[in-house]
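Quick setup: one chain, the form predicted alone, written in structure tokens, and binding and motion questions come after.
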């Protein structure tokens, strides 16, 4: 039994960030899977760990007592600083600034936009399919945070407006262009060495060639594709994704393809729908 327990869903997005950071550092941890589609994050056992009902969360038992850590990017920085292993933040101040800039950009600009598509086409429909309308309405009403209740209502019942979806699509397109331009400057995203920016970015961007094939592919974004494949080949990444339990975990396998051509936007939306059918 480890002193560290990570409460997580699938090894992507917010859950995947501290998972991959721990594995890159070589830190042993107990994996506690939270089935988000079953609303495990809002059950009393988990709310005792994180009353906000958001995932991931991490506990670290120390001589001074148990620490409970929430917010995925902050957990990553804690993991890097609290444990031995390869440094995921460089010593250079400018590089550290650049890493934090990109992490904030991804967390505040790109992640919400990607999430809107994921919630509309995968999370929401599958939660409704699994529970039925009456049960899921009761589960949503029991969520402690009002903003999370609003998010689940919008996702499950398809309440994202056309304007919201269009703005998220625009932000994704701009973000992909910015990533491609930055990765043309160096091997890794924000410094000359692999860092937390790469961990953060991969967990957000790994499926872009599948879900946004009109924007991310070997024709339009060769630097992004090089970067994603390089991270996918890392042993820690492979180990991390073995912890997946749903068909969502299979999406990362698209990076085994040597060349990915540009496809229509409708193909990406179709793939999201197919993922939902398999869940």
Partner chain sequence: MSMILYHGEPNGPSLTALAMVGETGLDVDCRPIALLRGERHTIPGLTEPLARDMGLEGEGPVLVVDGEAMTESVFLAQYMDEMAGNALQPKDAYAHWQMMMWCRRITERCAPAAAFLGNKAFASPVLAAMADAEFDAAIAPIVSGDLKQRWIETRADSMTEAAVGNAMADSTTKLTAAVQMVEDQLADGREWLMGDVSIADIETYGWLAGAEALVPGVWDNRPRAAAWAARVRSRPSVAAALARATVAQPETAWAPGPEINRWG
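Residue numbers count along the first chain shown, from 1. Only a predicted model underlies this, so the values are computations on that prediction, with no experimental measurement involved.
Below, we turn to the form predicted together with the partner chain, even though it does not appear here.
This chain appears without its partner; in the predicted bound form, the one residue of 74, 130, 173, 184 with a heavy atom within 4.5 Å of the partner chain is 74. This chain is displayed alone, yet in the predicted bound form one of 82, 159, 87, 138 has a heavy atom within 4.5 Å of the partner chain; that residue is 82.
With respect to the partner chain in the predicted bound form, the three residues 109, 116 and 151 uniformly fall within 4.5 angstroms at the level of their nearest heavy atom.
Annotated contact segment (heavy atom within 4.5 Å of the partner chain in the predicted bound form): 96 to 104, selected among 130 to 138, 96 to 104, 191 to 199, 205 to 213. Though the partner is left out of this view, residue 126 does not reach within 4.5 Å of the partner chain in the predicted bound form, counting heavy atoms only. Although the partner is absent here, residue 142 is not a contact residue: none of its heavy atoms lies within 4.5 angstroms of the partner chain in the predicted bound form. The closest non-hydrogen atom of residue 47 lies beyond 4.5 Å of the partner chain in the predicted bound form. Proximity of residue 68 to the partner chain in the predicted bound form: non-hydrogen atoms within 4.5 Å are present.
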